[in-house]
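Before any questions on how it binds or moves, here is one chain, the form predicted on its own, in structure tokens.
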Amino acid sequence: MALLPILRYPDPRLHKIAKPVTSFDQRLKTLVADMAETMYEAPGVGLAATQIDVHEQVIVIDVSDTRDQLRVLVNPEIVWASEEKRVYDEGCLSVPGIYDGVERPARVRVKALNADGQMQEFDADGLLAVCVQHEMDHLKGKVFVEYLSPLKRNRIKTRLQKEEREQKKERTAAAVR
């Protein structure tokens, strides 16, 4: 297994639309294992393949307190969403340190394949529902900050770009020493 680099907003690769998975082979199983390791290490509760610059419809999620209930969703689709909406404070491994409220359906029914290509269907509410919808947005090339006002989105973009420049300066200075 390997830790994978996570793309940071506003990287344009986060806006690429993921393609369906057609081959359920060892490469997919390795990708899933690497994604899970990366998500747990980050630490996060969900990771879409888009966030690691793999543009295939693969998501790993674990919202459990014990961090031992990994869900793998391949080619996921929401087959039902409640009319009731809820606002949850969301964060994202691609938008580190930023949290804000996003309104989404409170409950969803999800249909997806697992890493072996077997169909699964489940109902989700609470954090799991939020996480599934958030990660599925990544597969469509959408980052949660796009639900925010243009002013907030621009402030976030500016802040993250500034942090990135400062980190590059620090790495360069360290390399020179």
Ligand code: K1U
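Predicted model, so just to flag it, every value in this text is computed and none were measured. For every residue, the number given is its place in the sequence shown, counted from 1.
Below: the form predicted together with the named molecule, not depicted.
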Inset, instruction - Give a yes or no for P43: in the predicted bound form, does one of its heavy atoms lie within 4.5 Å of a heavy atom belonging to the named molecule? - result: yes
Inset, instruction - Check whether E135 has any heavy atom within 4.5 Å of a heavy atom of the named molecule in the predicted bound form, and answer yes or no. - result: yes
Legend entry - Partner proximity in the predicted bound form: T50 to the named molecule, non-hydrogen atom cutoff 4.5 Å: no
Legend entry - Contact of Y99 with the named molecule in the predicted bound form (heavy atom, 4.5 Å): yes
Inset, instruction - Mind telling me which stretch in 110-118, 148-156, 135-143, 30-38 gets its heavy atoms within 4.5 Å of the named molecule in the predicted bound form? - result: 135-143
Inset, instruction - May I ask whether G91, L127 and V130 all come within 4.5 angstroms of the named molecule in the predicted bound form, judged by heavy atoms? - result: yes
